[in-house]
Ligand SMILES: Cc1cc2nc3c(=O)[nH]c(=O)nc-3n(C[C@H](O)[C@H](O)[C@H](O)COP(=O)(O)OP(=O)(O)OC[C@H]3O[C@@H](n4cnc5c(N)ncnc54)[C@H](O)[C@@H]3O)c2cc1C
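Encoded as structure tokens, the following chain is the form predicted on its own, with no partner shown.
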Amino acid sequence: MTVLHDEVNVLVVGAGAAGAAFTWRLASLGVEVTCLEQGEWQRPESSLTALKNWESKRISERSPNPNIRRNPADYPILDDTSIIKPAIYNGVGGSTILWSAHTPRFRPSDFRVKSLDGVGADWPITYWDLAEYYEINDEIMGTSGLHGDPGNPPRAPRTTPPVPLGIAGSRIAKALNELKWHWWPSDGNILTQDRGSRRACNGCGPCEMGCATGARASVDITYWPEALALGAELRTGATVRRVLSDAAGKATGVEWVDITGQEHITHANIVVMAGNGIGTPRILLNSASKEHPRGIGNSSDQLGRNLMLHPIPVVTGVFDEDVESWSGNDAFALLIQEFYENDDTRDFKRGYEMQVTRGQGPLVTALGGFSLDVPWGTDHHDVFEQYFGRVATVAVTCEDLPHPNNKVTIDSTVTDRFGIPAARMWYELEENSKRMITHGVKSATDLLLKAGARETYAKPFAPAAGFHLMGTARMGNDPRESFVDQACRSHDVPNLLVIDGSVFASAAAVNPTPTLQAVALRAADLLREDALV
């Protein structure tokens, strides 16, 4: 088969949160930019939340785990060597198609964990290098919340007010005040008032299944329409095999396959990876050559290493009365950062945040929800009635520390439909994480009991919590200890960029999406300022 060739200026691989933000920013600066995405467009109006059987689809064809979902655009991820399983989505919008839209920012200390607390690695940039980009991203995505949190740096007023706390959330807020623990309404990319063509949240609940009204943001309805209107190009159904390089080791473009099996080579002046913390190292490791025998740009052997995932224990409290826990967005209402910063009196380093989440729908409740024990048989209906609508869950997001043996590699024994070797996750819990989990479960349990729960059920470890994929192409000043520099450019290959969560030097203890989008926006500005495009 003849290989088709074309040439572009800047080529972005991946149309998710980072790729969309980067593409929009460059297009807004008048730069010619093309993006390749192996998935397709999703139609918000056909969201599963509009279907009566959405709960059954949530655990099958719309599972966040690609090994369960098995869409044509998904690639295999071997996870038998990881106790946390992958949660990603391939398509225009990436994992924002199946996300909860909880968007707290990193704190300033998160960029200095080595200097402050003697663990992990420092970033070569600070919170303040990203501050203006956080604001840009909040405006484009549409962020609900309440500014003025004394526990975080100042920020502009939110686009719309915070999502309602609900009955259970209000009870927990009262308990937090009595405990004198710091809390604040969560920031989220969910509109609580109409904005343009997007409607306000109706509180239907399962945000991860999509949003037919557009209240819950995803980059296919925020960044991408703007980027395309500015002249950016987006090609879907484009599965990238590898990044190409010349005899001098410079990136020259990518080799990819379309949905018909036609092979393409797109030559580019700049290649930008935005394939998430698994997809990006998978492609770059598969791009080995004579000049780059360990994968393109990988002379440091850091590519794929230092995978960070956020271990998340959950504790569910059961209340005597109906607290309407089925109502409202299911992933957040308020954020508790009482135990976020390092405390040397504790037996672990760094800290965790807690977020209050809603109850589940009838099917998931019947299957046990987050951590309930619902028997099948004679007592099933009685137990179900005691739980449905009467629960609240506190999820504990633990900061994960980087370790070189927690990593992503490639495994040629399994390939995708185009013969590209699979990614393999290697991940074990460190002792620090285990001690943090124990502390977090106790804190969450104490809180729920203080709020009036008659009983609690804990799941100390949620294996399906691999939503936050960070660290596998780490940012740093030292080329021996990192993969990219502070501008997201490969130390070895300056015209190769990585702009997704792979570049994170630390994981913090909050959701990474607004931070990785801020990093991507900044990288686009630096590329333009340095006259490289």
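Please read all numbers here as calculations on a predicted model, not as lab measurements. Start at 1 and count along the sequence shown; that's the residue number.
The form predicted together with the named molecule is left out here; the points below concern that form.
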| property | result |
| --- | --- |
| The single option of Val272, Cys211, Val356, Ala101 touching the named molecule in the predicted bound form, heavy atom within 4.5 Å | Ala101 |
| Among the candidates Ala268, Val323, Val314, Ile88, the residue which, in the predicted bound form, approaches the named molecule to within 4.5 Å (heavy atoms) | Ile88 |
| Which of 80-88, 402-410, 178-186, 118-126 lines the interface with the named molecule in the predicted bound form (heavy atom within 4.5 Å) | 80-88 |
| Trp54 within 4.5 Å of the named molecule in the predicted bound form, heavy atoms | no |
| Heavy atom of Cys201 within 4.5 Å of the named molecule in the predicted bound form | no |
| Non-hydrogen atom contact Asn276 with the named molecule in the predicted bound form at 4.5 angstroms | yes |
| Exercise: Ser482 in contact with the named molecule in the predicted bound form, heavy atom 4.5 Å | no |
| The named molecule in the predicted bound form - contacting residues of 1-26, heavy atom within 4.5 Å | Val13, Gly14, Ala15, Gly16, Ala17, Ala18, Gly19 |
